[in-house]
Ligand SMILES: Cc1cc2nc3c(=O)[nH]c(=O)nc-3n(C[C@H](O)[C@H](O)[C@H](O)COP(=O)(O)OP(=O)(O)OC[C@H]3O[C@@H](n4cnc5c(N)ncnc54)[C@H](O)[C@@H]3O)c2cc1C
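One chain follows as structure tokens, the form predicted alone.
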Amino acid sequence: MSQAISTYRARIDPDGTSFEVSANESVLDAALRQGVALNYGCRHGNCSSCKYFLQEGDVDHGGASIYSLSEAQREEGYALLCCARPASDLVIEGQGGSDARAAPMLLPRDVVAEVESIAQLTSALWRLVLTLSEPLPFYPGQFVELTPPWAALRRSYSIASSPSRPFALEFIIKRVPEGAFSSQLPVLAIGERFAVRGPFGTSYLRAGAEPVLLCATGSGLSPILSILAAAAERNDQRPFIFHYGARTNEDLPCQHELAELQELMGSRLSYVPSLTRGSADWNGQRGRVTHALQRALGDARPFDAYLCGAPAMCDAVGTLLEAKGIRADHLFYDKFHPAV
């Protein structure tokens, strides 16, 4: 006879929002499943976006990174809710504040997908296109979790396509030679089936009148393409400035798509690539993308900013924008933490 799984109650103070959490799921998964909005990022214990203080109750910390949640913090009562599984009822201290421009929460769903196409874009980046068994609504800038047929693992990837195409999802993925998922990109077969769960993420394009600053490196291009495609389709009248950092000319992906977006958006889109090892005939920006932003931007106060890619780049650009006056609630991060 199978043993019943314990179910606990979690309450967020001071607003009193409560939800049920079973002992075999994370607190964050339970909250998102029931439409309770919590702060989060990577969903795999590698960042600290979902670090909350437990006023009451105990949890199993699971796979939370010791770098994101130290032993001392665990003893104090902090937990990463993406990894924490309840061992009792919980009272969680809210992080305070609210995003007045947050869109209505989309509940994560499970759908089946098949590989429609796979193509190499640069030495490190690949484009994966999946066809879905049913539509999956999402906001531009959000991500999903993919589970391949060969392993019981979940990997998070930001969507590169527009929400206007809910039956197909595109991704720009960095191939890591030892990666349990990405190393298999070159041998994926057309028609291979994946489990898809989502959408997730709070770094999606907000409505507003502020000019939009976008910054990415590597596969951080993926959510930026989704944001720009949606902006072009909606005839969004805000100025969009996109800084992208790469090493060489050959490491600049999706130049045709970006040219098409520029044609559609006209002067509303400014695309600024920056190369650390540009060729002799390169006439664009040189150096790290942080340096290009430092030179180009005087006052960050008027902007909404979306930073996507390696955590070190996001942190460096975020610090720069804060020094230039950006408001904290107008700065959004999509940090690509490696799975561990």
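All residue numbers are counted from 1 along the displayed sequence. Nothing here was measured: the structure is a model prediction, and the numbers come from that model.
If you look for the form predicted in complex with the ligand, you will not find it shown, but the lines that follow are about it.
Using a 4.5 Å heavy atom cutoff, S158, F181 and P338 all lie near the ligand in the model of the complex. Contact with the ligand in the model of the complex, defined as any heavy atom within 4.5 Å, is confined among 256 to 264, 215 to 223, 130 to 138, 105 to 113 to 215 to 223. Residue contact with the ligand in the model of the complex: I172 places a heavy atom within 4.5 Å of it.
The ligand is not shown here, but in the model of the complex it comes within 4.5 Å of a heavy atom of F143.
Taking non-hydrogen atoms only, A189 never approaches the ligand to within 4.5 angstroms in the model of the complex. Of the heavy atoms in A151, none are within 4.5 Å of the ligand in the model of the complex.
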